[in-house]
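Single chain ahead, written as structure tokens, the form predicted on its own.
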């Protein structure tokens, strides 16, 4: 099928005269042109040129219930007929906090803000205040937001990484203050020996070890068996806390996130994306004595939009839907994703294309690589990025949209028909590859 993107192209050219770079986030620029959408339903999107797509971006993850889910639409309608924001208390704050408490093991207390980046900033402040230590140990490839204090060694080039036993702390943005590296230690993920040595070297200064419990932002790599619990034990042995960045895994890998799935409870965790069902919301949950420092320990935190009724109305509806029948919808999304993974690998084998599909059912990533065991960020540096971009472009031509780095997000409404059509499209893509 030959698709026209003339209208999207015209809108993008127009946007370049007003929006910086023509888009609201630089990562949204991709071939053949940034697409402009008019509507969506379920797992499908319609662009301004009338093209329909099976969507696996889900707005980069948040739309766990797909598009225009009736429960979300009704919840937003109800809230839209009331004040959009109070700057004061309302009952939905308690209701949603209680829902998070019920599902997330570490959430003895909860705080709301608007983005994952903000949530991580709050976590860092809390753990530093609690331990009275300055340093944060993070891992190569793990992403914790775009702010100066955390944007380190997310996607460094191979020549920047330094020795594996002692990775360089690499800033990732022009304009990022150089001294932001002074309170950061970087380690390779999934390697307990190096983690133990680095913690021992900095035993009196590390406030927390922070990680994505599944490395979703750099290829959807899974933790080795026992790694998460061992990392927690090491952190605690050296007087540090364990923080899970569950902005992606929360309410997607399982109802209680990766900590529930693996049975490893961190001291604090940040959540975003799925928790709001597509609306701007992030959550910090953690041990009572850590969280209450905002009121008893002098930790400053605020925000005009914290706990706003529109986002919390959406979150309440989303969490109610996700928790129904003991999380049946999330289990279904993960099961559907595994069907897609299996079909992708079969197609790649048939066409003799070296491919790995890592992650779990509701959050996966395709890697064009001959490597068979991907365990940390440096393993992904061998991926064939040119072939990936060609694959993504051909998939778009066939009416399938993935995240530009090769990630695939499954919603609770992707069904067998979507998977069948997607695999048929991918069969045509692999034939062209």
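Keep in mind that this is a model prediction, so the values were computed, not measured. Numbering follows the first chain given and starts at 1.
One more form of this protein exists, namely the form predicted in complex with a small molecule; it is left out here, but the text below deals with it.
Peer 1: Name the single residue among 361, 223, 141, 145 that comes within 4.5 Å of the small molecule in the model of the complex, judging by heavy atoms.
Peer 2: Checking each option against the small molecule in the model of the complex, the one that comes within 4.5 Å is 145.
Peer 1: Exactly one residue in 247, 333, 243, 315 has a non-hydrogen atom within 4.5 Å of the small molecule in the model of the complex; which is it?
Peer 2: Selected option: 247.
Peer 1: So which of 162-170, 77-85, 341-349, 111-119 is the stretch with heavy atoms within 4.5 Å of the small molecule in the model of the complex?
Peer 2: This holds for exactly one stretch, 111-119.
Peer 1: Is there any non-hydrogen atom of residue 217 lying within 4.5 Å of the small molecule in the model of the complex?
Peer 2: Residue-level check for residue 217: yes, a contact with the small molecule.
Peer 1: Even though the small molecule is not shown here, does residue 267 get within 4.5 Å of it in the model of the complex, heavy atoms only?
Peer 2: Residue 267: no, not in contact with the small molecule in the model of the complex.
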